[in-house]
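Just the one chain here, laid out as structure tokens, in the form predicted alone.
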């Protein structure tokens, strides 16, 4: 039975431009969001730091003994750093490299077992040339390896590098090993000998992940009656200013992006906000605002007067504080987990109309912010947040859709 203190190494496997680093970043982000201490050890970064950038494709030729020795040296340095980090209290190390031969993987497995760490090989295979070409152009051409290199020269060199790896590549096929194969960006997933609750969550994310990148918009509902009165929770309708925001939101998405999916909570203020788009919507109970329990309907001033101990506990630790008979931010993360998997399955652009605490939690996941920051993030009313994944993270744009709403009048004090 796997316990929380178990040390785990997720060993990424795959040819270049098959999405393995993209999956590694997604896994690390997901595990950290769940409260696990996870870190990526990317061998390519070690190579660039220790040997230098702009290595020609010939450096990666399996028949190049000097290149092989140099790459093996930095690969072992990265793995030893991963072990050192695990010894210091880390929980999940993601060892990100091609790890393209059986011999190399056997050495990694032996070293991990000697270290007392569990091993899961995560292989990304891609036979769809369209996906590979997209990855080459969108990801590798932005790599530090090709800074200052023309697009034509970078493409030629990187394709030659891929060809070198292809000649030596051996897929994962050891039935005695624990592994997950992700094929063609999630079209097929093969799981072998995976056990334990944390690794089951890793598998769940991989089962639902897609390599296609699409834009996600986050926005809080328009100002509600409770917002005007600065009250917690409730299910109050929109105020006139909230209705003006809903109209502005509908205008912003006219015409809507093709296939736009619109998600709301089940509470009327988000449903009313999304109605202005005139599009089909999906209401998720998981997107409902944090449950304020016995504090529902109170202002913070009223809470401080009536329940000073509760008010002080919330102020001391907003992440772990649970409203009496209600929820904490950690509870929100727990109930959002199935929705995260559904969001990862999406291939179409998605607009989420939600609430402050819930959107703070979603935003932390999408941009990779530590969960400790969730309760303190600034997500004003009447502001549209546009998040577009890129090769190494996420591009963000914020738009205040109506100047009639001023932040100082619309945000519940935090």
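Small disclaimer: the values here were computed from a predicted structure and weren't measured. Residue numbers count along the first chain shown, from 1.
One more form of this protein, predicted together with 6-O-phosphono-beta-D-fructofuranose (F6P), exists but is not displayed; see below.
Taking non-hydrogen atoms only, residue 357 approaches 6-O-phosphono-beta-D-fructofuranose (F6P) to within 4.5 angstroms in the model of the complex. Taking the partner from the other structure, 6-O-phosphono-beta-D-fructofuranose (F6P) in the model of the complex has a heavy atom within 4.5 Å of a heavy atom of residue 329.
Taking non-hydrogen atoms only, residue 227 approaches 6-O-phosphono-beta-D-fructofuranose (F6P) to within 4.5 angstroms in the model of the complex. In the model of the complex, at least one heavy atom of residue 233 sits within 4.5 Å of 6-O-phosphono-beta-D-fructofuranose (F6P). Every residue of the trio 220, 290 and 318 has some heavy atom no more than 4.5 Å from 6-O-phosphono-beta-D-fructofuranose (F6P) in the model of the complex. Only one of 250-258, 96-104, 83-91, 282-290 places residue heavy atoms within 4.5 angstroms of 6-O-phosphono-beta-D-fructofuranose (F6P) in the model of the complex, namely 282-290. Screening 241, 71, 335, 314 for any heavy atom within 4.5 Å of 6-O-phosphono-beta-D-fructofuranose (F6P) in the model of the complex leaves a single hit, 314.
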